[in-house]
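Listed next as structure tokens is one chain, alone, in the form predicted on its own.
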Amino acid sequence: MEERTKKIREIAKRLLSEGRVDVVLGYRAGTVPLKNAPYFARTPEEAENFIWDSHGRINLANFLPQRQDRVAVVAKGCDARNIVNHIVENQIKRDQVYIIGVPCQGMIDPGLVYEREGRLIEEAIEADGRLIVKGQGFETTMERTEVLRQNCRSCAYRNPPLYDELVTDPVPEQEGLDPYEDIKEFLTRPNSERFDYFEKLIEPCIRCYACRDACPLCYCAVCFVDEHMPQWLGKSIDPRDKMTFHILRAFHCAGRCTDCGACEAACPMNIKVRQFTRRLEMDVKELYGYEAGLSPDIQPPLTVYRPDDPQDFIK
């Protein structure tokens, strides 16, 4: 991790000193353990505040849409895939963004760490593949792999598919994983049981829209939930309104989601909102052989039309 931090700082300082970019986006240490914060460096001196470890949960591609300046971004695999999405969707130009790629070995889920420890954690350190957490009168060591985020455990693209510069050699990709194993099992259940599951899943939702705001795909100037004329959705936490919001948001992400997990990481109620988007992600892959964010030269299947599309209703 120290090697990555050092390299990120070197690259950021060089880009800013040479005037190749106006700002570099990365992470700085957070004000609480296990949670780093986004950081914008505009001078070589500010670049010294960058850090890289296993606590960069926020997808920095979320800060790119409609920027007018020249920007460099520190990007792990999922971040880079979302940058590709933004390029494809004309939210930023390729020659406007410099991608500092960081081969990633997964981010830690602070919720899992707190759940295991059950005490106030005041400090967290990584060493030799382990996480060491400290607090008043205790020190606990955990295997890093045991507290990774769920989406990182099944990630197939740890290395950025698009970059201008890599900070280290690529890491081995995870082979032989079926990221949709649980979804396939879920689909064997009766419809009524599946609907009951989703109703219960979103019961705690307070409609704070943290999932939407953390999502790099949700960049609409006015979201459908905020429309008043016409008003598509009620403003309450009525179960029907909550379900409508989550289903429509998931469909909005269909064929675009990279399963970066930013939505779940942002949810203050710990709702597994990826359960909505992963099914659609699986369908798009199976129906069209498409995975989002792998190439800026390929349009998402739901945004293009071909006369020979096989669906009968199009003919």
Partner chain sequence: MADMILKKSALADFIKSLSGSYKVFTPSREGQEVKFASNQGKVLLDFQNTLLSPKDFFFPQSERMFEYSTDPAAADAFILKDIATEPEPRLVFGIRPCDARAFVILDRIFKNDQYTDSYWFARREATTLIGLGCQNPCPTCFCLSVGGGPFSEEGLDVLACDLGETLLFKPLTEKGQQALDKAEGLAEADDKTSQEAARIKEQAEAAISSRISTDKIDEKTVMELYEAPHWEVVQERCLNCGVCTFVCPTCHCFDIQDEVAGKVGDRIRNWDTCMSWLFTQHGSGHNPRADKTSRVRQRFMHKFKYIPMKRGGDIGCVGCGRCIMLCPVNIDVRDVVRDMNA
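On a predicted model such as this, the values are computed, not experimentally measured, just so you know. What we label the rigid core is the largest C-alpha set whose atoms superpose within 1.5 Å from one form to the other. Positions refer to the first chain, counted from 1.
Here the subject shifts to the form predicted in complex with the partner chain, a form of this protein not shown in this document.
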property: Residue contact check: P170 to the partner chain in the predicted complex, 4.5 Å heavy atom; result: no
property: Partner contact for G176 in the predicted complex: the partner chain, 4.5 angstroms, heavy atom; result: no
property: 4.5 Å heavy atom contact, Q231 and the partner chain in the predicted complex; result: yes
property: Partner proximity in the predicted complex: G111 to the partner chain, non-hydrogen atom cutoff 4.5 Å; result: yes
property: Single option in L120, L187, A156, A127 placed near the partner chain in the predicted complex, where near means a heavy atom within 4.5 Å; result: L120
property: Residue (of E143, E181, E139, E115) lying close to the partner chain in the predicted complex, criterion heavy atoms within 4.5 Å; result: E115
property: One stretch from 35 to 43, 273 to 281, 286 to 294, 243 to 251 that, in the predicted complex, holds residues within 4.5 Å of the partner chain by heavy atom; result: 35 to 43
property: Full three-residue contact with the partner chain in the predicted complex, heavy atom 4.5 Å, for T31, C208 and D213; result: yes
property: The partner chain in the predicted complex - contacting residues of 45 to 69, heavy atom within 4.5 Å; result: I58, N62, F63, R67
property: Post core alignment: L120 C-alpha displaced by 2 Å or more between the shown form and the other one; result: yes
